[in-house]
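In the form predicted on its own, a lone chain appears below as structure tokens.
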Amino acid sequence: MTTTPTGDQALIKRINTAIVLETILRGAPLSRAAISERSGLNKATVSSLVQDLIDGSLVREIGTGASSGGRKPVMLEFIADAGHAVGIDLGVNYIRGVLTDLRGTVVAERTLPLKRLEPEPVTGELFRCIDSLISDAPPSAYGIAGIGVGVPGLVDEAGSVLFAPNLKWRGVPLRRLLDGRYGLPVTIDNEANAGALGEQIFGAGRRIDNLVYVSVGIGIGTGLILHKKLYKGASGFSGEMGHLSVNAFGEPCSCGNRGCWEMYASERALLEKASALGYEELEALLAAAEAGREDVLGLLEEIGEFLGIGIANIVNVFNPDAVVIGNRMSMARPWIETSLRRTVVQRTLGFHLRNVQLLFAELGERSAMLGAAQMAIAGFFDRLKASTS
């Protein structure tokens, strides 16, 4: 007589499969015996689940390992190129995209300039970037596993951009637009959250439990990693520290407030002052700094000080292990770091300052797009674990 597995049995199998897959992801190459030892599952269960993963083109045998007595063990590894993910950093004046395998290894990259900010031309360029990346994907068992997009604004659970002041967007249903075109799983999130995740997984935030990622581009956003997890707040809108007031009667901001931090410490703030010196782009300004132009060096020192003021507030509020400065202004590190660090030391409470690290993004401008790809990869694994039966 044939019986149907109970819901509890199916649930246990899903949980155990997730444990085995996670063990392989973290420690490969591993033998079945090693997986059993590390996971606490018995050898028969591990062998059965490993075979399911092999049949599902997620795990493969790669030969034998060293013997500790007796038969040499057959070693296993995760098949990273079983699928691919697209990650997008949608900036105010650019789109940066990446195609990765399921471990986040870069396969292809694209960067496109943005000349107009209205949703229709921006989404047209976004489609062009994604189309190009997908066309570069090698054949694989799972194809494109998902698309992740980081945007400079507030995003709701449905993937709509509620408010992106620097793009001048309100209520743009971005996930629905991408769903309709590609029919793939799509994750939309704030770009600073994506950047924080990118640095945590691939960059300066590895092995750091509590960090604040500060994305300094045309605006300023922050992503919070607390106890190794992305913190998004009660409504999912945390991290808008670019709109922290640093001047109660300061300049009006596109968000509707006055005296916001990003009005004084962002790339836009720097370029507005640099225009009087004849510079319209960050790269040209940094080339002048490299050449030792004193007025440019003075501007960068001032921006570093304003960045330090905001970061001191962050350290006082969150008491993190590290603050990671990323996005385009990380390119200015040689000329802003001294004044930034000096200001943080001057303005941070001494007890908070003792153990905090001030770091610059290891991934530079690539943090958000790689973090967005990781969001798509994580969604793929979540769906895989939920569907295993």
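Note that residue numbering follows the sequence shown and begins at 1. Because the structure is a prediction, the values reported are computed rather than measured.
Separately, the form predicted together with the DNA exists; it is not shown, and the next lines address it.
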**Complete:** Given 358 to 366, 334 to 342, 40 to 48, 319 to 327, the stretch touching the DNA in the predicted complex at heavy atoms within 4.5 Å is 40 to 48
**Message:** Considering non-hydrogen atoms and a 4.5 Å limit, does the DNA approach residue 70 in the predicted complex?
**Reply:** yes
**Request:** Answer with yes or no whether residue 348 is in contact with the DNA in the predicted complex, where contact means some heavy atom within 4.5 Å.
**Result:** no
**Request:** Classify residue 28 as contacting or not contacting the DNA in the predicted complex by the rule of any non-hydrogen atom within 4.5 angstroms, answering yes or no.
**Result:** no
**Message:** How about residue 74 - does it come within 4.5 Å of the DNA in the predicted complex, if we only consider non-hydrogen atoms?
**Reply:** yes
**Request:** Would you confirm whether the three residues 128, 132 and 135 all fall within 4.5 Å of the DNA in the predicted complex, going by non-hydrogen atoms?
**Result:** no
**Message:** Where, within 12 to 39, is there a heavy atom within 4.5 Å of the DNA in the predicted complex? Residue list please.
**Reply:** 12, 13, 16, 31, 32, 33
